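First comes one chain, alone, set out as structure tokens in the form predicted on its own.
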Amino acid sequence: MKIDLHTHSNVSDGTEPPAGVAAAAAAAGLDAFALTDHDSTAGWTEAASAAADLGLTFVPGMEISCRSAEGISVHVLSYLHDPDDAGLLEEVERSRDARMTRAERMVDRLAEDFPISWQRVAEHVSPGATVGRPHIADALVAAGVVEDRSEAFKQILTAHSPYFISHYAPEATAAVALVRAAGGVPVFAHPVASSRGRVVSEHTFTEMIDAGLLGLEVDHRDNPEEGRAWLRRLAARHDLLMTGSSDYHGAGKLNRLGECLTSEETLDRIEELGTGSRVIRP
């Protein structure tokens, strides 16, 4: 089986609706995919229905934006958790609310120097979607300030930019514990992606494992080869799952579906461990 366990729809910062992600997965020759929108499960029903029509296996998931005790951004993928779990819901809703306020403040700053407004940003956000920097980037592209999202993030929306504003995010170990309590399988997303910024220390990995982390996203285009080798050693030492994924965002990123894959054995193990929801097979 060809399995890709990290994709985004326009429910968060992808450019295609959940059904469109399913169609793209089928066109890419995948047998199974997970929808892992940021801090949201709103796309699960649509994606699952489209996957069934296309003969694909669907894995319900979510990507949780977190922060380590060191103050470094951390993303945790959650598979097969209960989407109605009160503890996890409260935390992701708090993060979404904080991201909305942060986005509005960033747009206010940007508007002093660029032809951008909240209304123009809103034009790039699907109903009910979690607003984030990618949507601001889309507005900057539409205004002719930059050519694409990548340029916007490198030149204007970087964490070192004067326009950048941080937002609330749960501590990574707390997020891992919440996912486990919700019956989910927590996997550390692109954990050594140094091109994205600072990478957490080995101590943070240990703390997350102690909190219940079950896997590492090893094969991801943003993890350098030497980092992947280190992750494989760490996974072997702690008996962690190892996944591979594209982190597909439609036209929002260069990442292509199926460029990194997860083994069928790993998906079977995720299915055994997850108790909050289920893998939906055709």
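Each residue number is its position in the shown sequence, starting from 1. Predicted model only: the values in this text are computed from it and were never measured.
One more form of this protein should be noted, the form predicted together with a small molecule, which is absent from this view; the next part is about it.
- Annotated contact segment (heavy atom within 4.5 Å of the small molecule in the predicted complex): 251-259, selected among 251-259, 212-220, 228-236, 23-31.
- By the criterion of a heavy atom within 4.5 Å, residue 118 is excluded from the residues contacting the small molecule in the predicted complex.
- Although the partner is absent from this view, residue 180 stays clear of the small molecule in the predicted complex, with no non-hydrogen atom inside 4.5 angstroms.
- Contact annotation: residue 206 falls outside 4.5 Å of the small molecule in the predicted complex, judged by heavy atom distances.
- In the predicted complex, the small molecule stays beyond 4.5 Å of every heavy atom belonging to residue 81.
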